[in-house]
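Quick setup: one chain, the form predicted alone, written in structure tokens, and binding and motion questions come after.
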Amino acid sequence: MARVLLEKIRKNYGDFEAVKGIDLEIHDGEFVVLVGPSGCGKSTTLRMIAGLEEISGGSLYIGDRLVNDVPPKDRDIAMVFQNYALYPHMNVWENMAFGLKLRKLPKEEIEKRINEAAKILGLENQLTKKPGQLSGGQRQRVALGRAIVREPKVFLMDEPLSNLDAKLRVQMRTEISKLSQRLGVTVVYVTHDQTEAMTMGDRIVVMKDGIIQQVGTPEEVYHSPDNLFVAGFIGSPAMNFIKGKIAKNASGVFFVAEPGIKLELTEKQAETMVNKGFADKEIILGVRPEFFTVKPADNKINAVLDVVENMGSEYYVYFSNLANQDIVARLQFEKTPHTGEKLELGVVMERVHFFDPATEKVIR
């Protein structure tokens, strides 16, 4: 296995800069997920690592080897695509063996590798079938098997689950995570699905407009976002953002927003906001849906339920009367709540975030 190092990597298509000088180190044996909306540069970055896209600037290393001008076949990587890319006229065994035959491996070694991969992936009984006879999940397993038998230094996966239905995606997510741990391989995985990123990655790389916004563990990116984009992109339902201002008076420091929101800051938050010059300034408060409470002791907000979604073990409750903005809370009730119902809503202030409207960066 090997680390992957990107130093000031750029990609230009004419005058358009798709990837803007990114720096990233992916450690040996690490599972790293590149995530972001369509057009953010994540697939382009993956394709530059694979050698399928020419690098416009910067340096790319696989292991200790500079690979900027090394063709894909000599980079010792294996790629799993969204559309499986299987040969329809070949059976499963032949699809998995194709790359090994091109490398002129001995027949015994090819047999050994395919049998091991088929056992790992539960494909022992599918080896004589053609791709058209397989389900989507089985085809994706074959694509993974074809990558495994090559025993590459790095696995590259470009949205490999996006063609599967929701239930199968969850199952394959688990299987790929188990597989990477079992093989101890370096994996670079691209997705636009932040749930996939959160559940699979050792670290997440959040991208927007060709720029890395934040790199961190799923916990770091979720609980300590660096800016408004990361805070809003990671998490489902998304973080709520409420525009207001910091008000300081004799009784304390508060976040206020019209109509009817007045939340007292913790001592530490108050000290930070005052010391950084945000007293009496516009601010954006970010709070995740799970950090609202019902029957609060303090920091009460009078709310009217607009829409209620019953998720079984909990409810997603939407409010439109708070600060003239749509707010969603993830709550538990003893009785099913109803549209139009009034309740007192509280905020767990220790878990909120404050953002500078001018820079969109978090205030810490």
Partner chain sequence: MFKYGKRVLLLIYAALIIVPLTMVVFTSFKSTQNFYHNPIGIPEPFIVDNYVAMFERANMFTYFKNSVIVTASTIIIVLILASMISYCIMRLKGWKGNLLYSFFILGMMLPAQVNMIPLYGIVSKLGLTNSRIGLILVSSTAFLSVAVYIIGGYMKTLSHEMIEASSIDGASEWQIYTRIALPLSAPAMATAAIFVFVMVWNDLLYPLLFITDNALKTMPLALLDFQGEYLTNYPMIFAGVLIASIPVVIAYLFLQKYFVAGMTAGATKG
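Keep in mind that this is a model prediction, so the values were computed, not measured. Positions refer to the first chain, counted from 1.
The next section is about a form of this same protein that is not shown, the form predicted together with the partner chain.
The partner is absent here; in the model of the complex, the one residue of H27, R47, R330, K300 having a heavy atom within 4.5 Å of the partner chain is R47.
In summary, among the residues F254, F278, F241, F98, the only one with a non-hydrogen atom within 4.5 Å of the partner chain in the model of the complex is F98.
With the partner chain omitted here, the record of contacts in the model of the complex names 67 to 75 of 67 to 75, 170 to 178, 123 to 131, 231 to 239, defined by a heavy atom within 4.5 Å. Taking the partner from elsewhere, P106 is found to have every heavy atom lying beyond 4.5 Å of the partner chain in the model of the complex.
The partner chain in the model of the complex comes within 4.5 Å of a heavy atom belonging to F81. Of the heavy atoms in L52, some are within 4.5 Å of the partner chain in the model of the complex. Contact annotation: R146 falls within 4.5 Å of the partner chain in the model of the complex, judged by heavy atom distances. Along 163 to 188, not one residue places a heavy atom within 4.5 Å of the partner chain in the model of the complex.
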